[in-house]
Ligand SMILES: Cc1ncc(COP(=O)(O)O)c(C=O)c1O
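This document opens with one chain alone, in structure tokens, the form predicted alone.
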């Protein structure tokens, strides 16, 4: 019989944390610079499979089993950690598991998934999957989950995600601080962590301050979302948070390095992100007790650290690259990268101003996406049709100003290039797409 006191277990799944078997909190001694406030790190790499998402993976499966779902093979869109958790829970339950994820996810995570028995489908998708993108990980996993014998549990829309933290992480933090917690801080990805824990803590004490931390647009921190992308997250509940803070890559990775050297904590980049947000918002006052969730450790992000802390890594021996299938493809990729940061990319405020002035707004998303949310006056022309040469509904005058929009700003930029190739001279693309538009509170239908 499993016994937490003796740390003796019948199954690896019995190590999953709860109020009787919590992951540790550790007080930060040096990096905060605080004189009065006490700041604790909640070390979630002490979960049995190494990350905070183990809780979510186990709860997704637990609730499905309790509903009586007949589980055989699971498929999940992921940025890595939920996939790893589901792979290992599936192994313990003897289910099959497939992960659908972006090629931008660090190699270490993708390799771990394969090592742990997962089948991988790697796509050209955002680092953290977004809904409403037909070529993305979410849509593909949903499609695969409809096959006979397959189930998608869907961490991005399944209430078992925040429910995992309401059931376990919240009570753990409350007990570990003796109910003295005044501030709770978490990074924002699916938002299951902050929403589930925040709801529990505020039920115990409505005065607990809940702080969410997100990266800047175009960030390089796996598992978290920019403010524009958060607008599309089902569990993003800004009305339930007391503050939302943006932190850049440089601050997140720099603070991570300080945690390694000054606190001996092997924290990953999203931990540095969350702590940087905490240090910006938590007051240094007597009686302040803050808990910051550290989602996982550094080992799965060595390639990310190489990009942001290159001075720590010796140069690789020279190796001759394989010749590309299309030797000119690199120039197309470079053109797209330059266009992404060029003068033809505008923010939603400028797009709204141009729309009011009568510009033609072209929505290049697919019809099912448009049906869920759209801008009423926009012209609908899916990217696939535009790429095939269709200009249906577009003005014949190639000097007419046009603005393109999609879900997050990638397809609209391809549309911009296609329209310019067709002779349209004045084309702009909306940075952040419909996610940024809705997040800014602009009108939708």
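Numbering follows the first chain given and starts at 1. Quantities reported herein were computed from a predicted structural model and do not represent experimental measurements.
Here the subject shifts to the form predicted together with this ligand, a form of this protein not shown in this document.
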Give a yes or no on whether every one of 182, 198 and 208 sits within 4.5 angstroms of this ligand in the model of the complex by heavy atom.
no
Contact segment among 361-369, 346-354, 258-266, 216-224, judged by heavy atoms lying within 4.5 Å of this ligand in the model of the complex:
216-224
Within 4.5 Å, heavy atoms only: does residue 193 come near this ligand in the model of the complex?
yes
Report whether the minimum heavy atom distance between residue 272 and this ligand in the model of the complex is within 4.5 Å.
no
Within 4.5 Å, heavy atoms only: does residue 189 come near this ligand in the model of the complex?
yes
Verify the contact flag for residue 168: yes if a non-hydrogen atom of it lies within 4.5 Å of a non-hydrogen atom of this ligand in the model of the complex, no if not.
no
Need the contact residues for 53-92: heavy atom within 4.5 Å of this ligand in the model of the complex, sequence order, or none if there are none.
53, 79, 81
